[in-house]
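In the block that follows, a single chain appears as structure tokens, in the form predicted on its own.
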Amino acid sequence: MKCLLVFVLRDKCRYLLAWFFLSLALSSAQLLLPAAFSQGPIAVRIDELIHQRADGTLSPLASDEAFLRRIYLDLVGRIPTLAETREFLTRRSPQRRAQVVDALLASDEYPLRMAQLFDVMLNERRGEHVEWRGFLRQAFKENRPWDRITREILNPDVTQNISRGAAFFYTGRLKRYGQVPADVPGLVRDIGRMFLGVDVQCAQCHDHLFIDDYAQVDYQGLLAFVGNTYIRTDHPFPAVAEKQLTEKVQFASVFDGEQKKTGPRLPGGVEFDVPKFEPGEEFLVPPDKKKKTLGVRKFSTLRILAAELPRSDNRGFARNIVNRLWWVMMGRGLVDPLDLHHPDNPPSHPELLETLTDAMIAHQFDIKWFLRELALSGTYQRSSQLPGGFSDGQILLPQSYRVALERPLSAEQLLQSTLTATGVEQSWSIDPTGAKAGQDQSTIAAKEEQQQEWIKLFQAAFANPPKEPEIEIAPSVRAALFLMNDTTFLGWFESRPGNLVHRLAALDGDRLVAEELYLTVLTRRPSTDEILEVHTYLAADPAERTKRLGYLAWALVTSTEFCVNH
């Protein structure tokens, strides 16, 4: 109460009424937030439930600079520009953080960021295809609900230009390399992992040895849905088809040899019968060789899978996307690992997970709405610095969310942020559907080609090998060698008209240099010691000032502070 009175007196009672209602809403959490903080109803509930199980002091809210950097990286995949940072820091609106969240969610860069994020999440670097990227980009541009996106992925339709690229989820796994067969087991596993949070890989040949809820029939039931799927070669874009499933899948445990059967079946769900058809009676619309159509089957396992898995009453489906989006924004899933949902691995905050799942279903799987609620929570906006009173020897569990968790930047985030920091023009800001003012199609094509070359460099240096989830920070020798030796990367720190080093060289005074350098690269002002270090380093060799400015910029861009989201 004393802190509240001090706040009110200092600000001449301007926000007393707002504070009263906000404090009342948060009374169970005993958490007071600054006046420049706006929350949605789910965001308030998040903070209440996190606080109830915190078992210790929470870190305060992050500074405006730290929040701004974090929200830009999470929603548009890059750090803010110097101009964006300065504009935000001069705002006096008590709703400035909510305003930035809304602006970024409405920006053209948001669907590009989500397309990159979900590409890596769903396909785990199994390759790229322009149709797949276009499908994801358009889906998030339109803010399609997650259940619809999932249906389009699980039962891709070659006749729908708007979504046909979704088939790459299948073709990227079914593609054969030499004598290596199609990775059907990997496809089965990933449908369970990506859309249900259930990894049934170890239940292929027997019931899972360590997880009672993962039975062999769960794996075989998913196999019955997709085991007859194959790649179509009559289209230049990704396309799949399915052979008719005529009988149940037969399987036996390697331990007891007992023969069993199952039709298509979701883990823990009901089994679907496999109907019998007389020859020629299996199609609703028969194939047409002249038109090169495969027809429409009366019984399609892909159609059933797409209809039954992403249902609003399938709590496993809803929990999975809630948990994955929580991981995206908070750095750790409420269920960890993300693909091991089962009773023996309970969520860190069970009531919170169920509350968020209910909310996601009630809002019809609206990802943009959900991300906004997470971003407006105090839990998301918490500082990454340890809470007050924390001493050596104490253990702070990451699942407490008492402090913001550091998260690795993806190869794509690192590239975009480096381009932003160094002043290199970002071709990702170009609208791929048409030219912006002053840009012809040849210019756009050239920039996109240059962009693809850059991203290949960064993926080779920072991305995980294919089929490995990108979840934790993993420093590597190849990344260090890239940062020290790659000529393209190092060239961005040479003085060229309009870039960061060129701007710094034109400034009069080392204090101004330090402030612009740190605001541009790290989205924060330098400390007194850092200003002194910049001055000392530049004064040591005035004749090489411009070159040394480049070295300083390189040192900040390659620092841990730049390479993680905190």
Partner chain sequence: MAFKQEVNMTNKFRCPQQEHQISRRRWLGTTVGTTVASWGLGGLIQPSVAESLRRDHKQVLFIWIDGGMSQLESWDPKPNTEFGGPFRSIPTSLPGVYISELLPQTAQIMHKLAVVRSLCTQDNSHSAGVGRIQRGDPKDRGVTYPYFGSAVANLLGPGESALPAYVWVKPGSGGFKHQDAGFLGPQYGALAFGDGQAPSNLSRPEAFDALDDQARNRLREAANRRYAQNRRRKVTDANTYVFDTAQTLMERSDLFDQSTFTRQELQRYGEHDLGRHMLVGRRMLEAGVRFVKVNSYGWDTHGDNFNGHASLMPRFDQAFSAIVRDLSERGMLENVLVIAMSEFGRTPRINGHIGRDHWPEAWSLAMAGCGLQSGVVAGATNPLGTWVKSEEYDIGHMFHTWFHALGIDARHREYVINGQPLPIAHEDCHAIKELLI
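Please read all numbers here as calculations on a predicted model, not as lab measurements. Positions refer to the first chain, counted from 1.
One more form of this protein exists, namely the form predicted together with the partner chain; it is left out here, but the text below deals with it.
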{"property": "Per-stretch contact check against the partner chain in the predicted bound form, the hit in 115 to 123, 348 to 356, 153 to 161, 237 to 245 (non-hydrogen atom, 4.5 angstroms)", "result": "237 to 245"}
{"property": "Partner contact for H206 in the predicted bound form: the partner chain, 4.5 angstroms, heavy atom", "result": "yes"}
{"property": "Non-hydrogen atom contact V249 with the partner chain in the predicted bound form at 4.5 angstroms", "result": "yes"}
{"property": "Contact test in the predicted bound form: A224 vs the partner chain, heavy atoms, 4.5 Å", "result": "yes"}
{"property": "Non-hydrogen atom contact S93 with the partner chain in the predicted bound form at 4.5 angstroms", "result": "no"}
{"property": "The partner chain: the contacting residue among S495, N143, Q201, S107 in the predicted bound form [heavy atom, 4.5 Å]", "result": "Q201"}
{"property": "Candidate from D288, E468, E281, E453 lying within 4.5 Å of the partner chain in the predicted bound form - any heavy atom", "result": "E468"}
{"property": "Site check V403, S559 and V564: each within 4.5 Å of the partner chain in the predicted bound form by heavy atom", "result": "yes"}
{"property": "Partner contacts for 472 to 488, taking the partner chain in the predicted bound form and a 4.5 Å heavy atom cut-off", "result": "E472, I473, A474, P475, S476, V477, R478, A480, L481, F482, L483, M484, N485, D486, T487"}
